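What follows is a single chain, given as structure tokens, in the form predicted on its own.
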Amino acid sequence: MRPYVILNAAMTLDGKIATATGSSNISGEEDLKRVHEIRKDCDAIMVGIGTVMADDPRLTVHKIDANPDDNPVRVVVDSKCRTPLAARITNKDAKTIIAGANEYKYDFKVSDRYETFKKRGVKFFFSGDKRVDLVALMSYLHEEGIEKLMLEGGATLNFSMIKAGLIDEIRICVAPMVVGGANAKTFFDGEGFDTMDEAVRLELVDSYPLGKDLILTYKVLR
């Protein structure tokens, strides 16, 4: 058993979620409120360590009317246990789980950073050798009572999750802009598939304009 996973992101018309310099203010205010409505509706929200290092997100519900109980559990996929002590995702605004890989478990668990995180109430889950076993992580999160999870990337984690068959739904905000850039982050990065025959198939189930943006919802086909 695992949570129902919704991947949500905003991208430019040419599929970029950030420029080569890391600029990622893509969608409008209406879309930001939509994102926080999804957060409020989910039991957990998950990002990769790259997103934490680049954006230092809070991952709480704060763009709409909400109370502290509406904040989802925050999950960081951080194989090498690099989450900074000052990361806002580890504050006490909501519960936090850091998922690391077994190769880095011992050194991290005897470090001062580990003890500091524990004092803040941060929980840890270790799996896999050098990289987090995402299937095992999803099973663990389900055991923790998480039935619906919102995935906010980044691009490498997005691909790893969809390749493993762990995404059920994709909700994407397409902004009417083009940025280009060979080194700009795309919606899905990672190693990719070798052929189009291997590509994950989707079914469009909803679409509507939101301000200047376009919202698309896809079901992931098995």
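On a predicted model such as this, the values are computed, not experimentally measured, just so you know. Quick note: we count residues from 1 along the sequence shown, nothing fancier.
Here the subject shifts to the form predicted together with a small molecule, a form of this protein not shown in this document.
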query	finding
Touches the small molecule in the model of the complex: Gly50 (any heavy atom, 4.5 Å)	yes
4.5 Å heavy atom contact, Thr90 and the small molecule in the model of the complex	no
In the model of the complex, Thr96 touching the small molecule (heavy atom, 4.5 Å)	no
Lys105 within 4.5 Å of the small molecule in the model of the complex, heavy atoms	no
Proximity to the small molecule in the model of the complex, single hit among Leu32, Ile162, Ala66, Ile26 (heavy atom within 4.5 Å)	Ile26
Interface segment, criterion being heavy atoms within 4.5 Å of the small molecule in the model of the complex, picked from 66-74, 193-201, 174-182, 52-60	52-60
